[in-house]
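As structure tokens, one chain now follows by itself in the form predicted on its own.
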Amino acid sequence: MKKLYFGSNLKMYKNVHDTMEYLTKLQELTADLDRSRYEMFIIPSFTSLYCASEKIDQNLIRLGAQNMCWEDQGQFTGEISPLMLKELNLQIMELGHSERRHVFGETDQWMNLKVKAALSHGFTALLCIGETDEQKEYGISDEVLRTQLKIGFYGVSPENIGNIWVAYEPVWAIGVNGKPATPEYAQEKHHVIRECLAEIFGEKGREIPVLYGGSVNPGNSNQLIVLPDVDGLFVGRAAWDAEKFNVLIRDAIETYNNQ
């Protein structure tokens, strides 16, 4: 039975107090879940990372950062070095979120530099990919996803497979006005991703966890978690209440186990 992944990126919504209250509650509610079968992770804001890393048991909830510079040090005002994040004992680097790409102009080539830097420092590189509504309309979604994967992982050794995750987040499905992908569409794109990972890394590439994110909610999470090529859920605002996220996780697990 494959391992299932459940996580969330808190974006720029919770301050330090709110984040700690949320993480403490989520850790308490989910402590009984077998972490060898169910991986939990949360990616808070930068200002919350120190307190979170000091007080949260990362055997229960793995912590990550929302972005990272590819250089260890230098004249990069406003950036965060991987060495600085390593001091916090973080485990995950989220790279390539659509807001980083489309709001802040980060390129596939930048993602490649960041992925390599994250892996070189022992982090799990969580590469986010996804097509825009316009690209979907043009019928080039598969090409976009393959390009983001092939450039993002260019020159990355198959030896790093154990520290790579991919999150498929169609840009048109994210945010307040996002429209979730249908289970059929999500499975189709996850299969494209799985095949491309095998092209890049060989057959072992199929073992890389591929998570779905994009307006995941209690109404569609159970349908998504049972899809053959979906290994987990990268949940947005539906996860930002610890009690509701706990319910979503347990419902998804029960549905998966009963299929």
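Residue numbers run from 1 along the displayed sequence. Model, not experiment: these values are computed from the prediction.
Keep in mind that the form predicted in complex with a small molecule is not shown, yet the notes after this line are about it.
J.: Which one, A186, I164, M93, A173, lies within 4.5 Å of the small molecule in the model of the complex by heavy atoms?
T.: So the residue touching the small molecule in the model of the complex, by this definition, is A173.
J.: Answer with yes or no whether E131 is in contact with the small molecule in the model of the complex, where contact means some heavy atom within 4.5 Å.
T.: Taking the distances in the model of the complex, the answer for E131 is no, it never comes within 4.5 Å of the small molecule.
J.: Might L23 be said to contact the small molecule in the model of the complex, defining contact as any heavy atom within 4.5 Å?
T.: Taking the distances in the model of the complex, the answer for L23 is no, it never comes within 4.5 Å of the small molecule.
J.: Does the small molecule come within 4.5 Å of any heavy atom of R237 in the model of the complex?
T.: Heavy-atom contact with the small molecule at 4.5 Å: present for R237.
J.: Taking the shortest heavy atom distance, is P44 within 4.5 Å of the small molecule in the model of the complex?
T.: P44 lies outside the contact set for the small molecule.
J.: For the chain seen here without its partner, which of 64-72, 46-54, 209-217, 196-204 has a heavy atom within 4.5 Å of the small molecule in the model of the complex?
T.: The contacting stretch here is 209-217.
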